[in-house]
Structures are given as structure tokens and as C-alpha cells.
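Only one chain is included here, represented as C-alpha cells and corresponding to the form predicted alone.
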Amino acid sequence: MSVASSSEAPSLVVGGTRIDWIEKGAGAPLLFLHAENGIEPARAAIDELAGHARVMAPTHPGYGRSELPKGMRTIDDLSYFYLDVLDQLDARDLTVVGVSLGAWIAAEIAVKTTARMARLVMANAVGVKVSDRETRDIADIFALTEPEYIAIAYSDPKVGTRDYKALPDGEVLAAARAREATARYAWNPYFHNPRLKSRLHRIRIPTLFLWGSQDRMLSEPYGRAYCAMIPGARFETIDRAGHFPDHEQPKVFAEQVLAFARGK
């Protein structure tokens, strides 16, 4: 493993690409794949998880300060990048936890191989189309104003509201890069891979869908339909949380993840 440390943040170099890398805690290994709005909002959940597991939390290529390899444009590309990460780390018996776009990445990894994975957690996952072509499954976040988006994505809009004028320049830049990278990876087809649905049966490890019950970017029936595509997957809700349950209920989120990782 090649992990570099700087005055700003530790990083991991994989195939010549440097990504920001958080590693903390002790215990069973857990890979956390953040949602489309970046890793910063997930820090509280990462800390909660690290109280009982060895958490590895990368910042996806193109997000934060992580480099973007030339030609990387799809979630499929990201999934192969993370397969290289797991090979480089020689990771074994991982619990892989993904939120929204991060869950989509996790699913794309798992349909290719679960050789290094023991369990999979998908929180408010995107990545498939469950309705007919005329029915929208996922709200068009690129057509919404910031207040409109926050209103549908969060149970408590105050949690997602950010005063960009008051934020440090680095956080403003990270937010801008997150939006740009999300558009790159998820614009077309919009937040799904048409081929993924037919491949989900290949996921044969214990799988848990966690669902913020006040999500209005997706619906609970969408989540339950997605869950039913993975053999044996189970579905649990998190109250007082929207599309990002790790942001709004980090302690409850971590408790449910860790209980599942322990086989409960």
C-alpha cells in the first residue's frame, strides 16, 4: 500500500492517481463510499463507525482534492478504480458501505466480484431504473435551485443549508468539484446504469438497504424495489432522515451498519 501524508491530509496513490484517504479506528475493516455531495458531510458518521471498526474512507476521484484520471467518466470506471484500490490494499472480509452515489459504486463493484467483501450496506442507493421509461424515479437535482434540492433531500433542511459566503475557500471549492464530478458520472444516463439491474443477482453476500424515510429525492417504494433485486437483501428505515441518513442521523446510521457487520 502506498499511503502518503501531507500537512493537509493523508492520501493514497493507486495507478498513479492520488486520492484523499481517511483511515481511522480499529477492528473489522469497513470501506465507506461517500455520497455525491462529498465526504465532508459524512465525517460525523465516519467517526461513529470508527469507534468500533477500522474505517477506510476515500474521497472519490474528481471530488475534494482527489485527482481525476484522464478518461474516467462513469460509475463503471470508478468501480474498476476501487477494485484496484482493494487489490493494492490486499483487503479481505470487508464490509462495504455506500451512500447514494457511493452505494451505486458499491453495487457496481459487487456485481463484478465480492471476493474481498463480506457484507454490503446500501443507503438510499441510486443506480437502477425501476419504473417505466415515462416515470421518473429520481428527482432531477440539476433542474432544482439549491433551496428546492435541500427541501427534498433532507428531513431537516437546516442540516443541508450552507452559507457559501461564510465557508472557507477550500470547502466552497470542494462543493463545486462535487457538483461537477456528479454531473460527469451521473448525468447521462441520469443516476443509473441500464445494465446494472440485470446483474444484481450476482451479489450473493449479505446485503442491507438502509433508507432515510423522509427522502423525497427517491421514494421508499423505489428503494424496496431495488432491494428486491438482490437475493436475500433486507430493508431497514432510519427515521428523521432524508436522502443522506449518514449526515442527519450519524449515530443511528452507524449503529445499524455496525450491528449488520457483526451479523445481527
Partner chain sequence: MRVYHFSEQAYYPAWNEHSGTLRVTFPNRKCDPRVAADLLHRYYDEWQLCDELGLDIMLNEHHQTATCMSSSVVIGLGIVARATKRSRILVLGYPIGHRPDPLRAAEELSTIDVISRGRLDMGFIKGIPYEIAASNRNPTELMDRFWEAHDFIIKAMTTHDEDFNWDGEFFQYRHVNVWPRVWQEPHPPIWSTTGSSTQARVLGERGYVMATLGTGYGTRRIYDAYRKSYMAKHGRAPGADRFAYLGLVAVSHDREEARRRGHLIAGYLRTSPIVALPFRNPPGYVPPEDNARMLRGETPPRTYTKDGRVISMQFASVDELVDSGVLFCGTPDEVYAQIVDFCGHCGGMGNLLMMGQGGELTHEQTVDNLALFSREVLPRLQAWQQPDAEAAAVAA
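Just so it is clear, the model here is predicted, and its values are computed rather than measured. Numbering follows the first chain given and starts at 1.
Not pictured, yet referred to below: the form predicted together with its partner chain.
Of the residues given (Ile138, Ile75, Ala118, Ala175), Ala175 alone sits with a heavy atom within 4.5 Å of its partner chain in the predicted complex. Site residues Tyr164, Leu167 and Glu180 are all in contact with its partner chain in the predicted complex, judged by any heavy atom within 4.5 Å. In plain terms, the part of the chain that comes close to its partner chain in the predicted complex, with a heavy atom within 4.5 Å, is 139 to 147 out of 97 to 105, 110 to 118, 139 to 147, 78 to 86.
Residue contact check for Arg184: one or more of its heavy atoms lie within 4.5 Å of its partner chain in the predicted complex.
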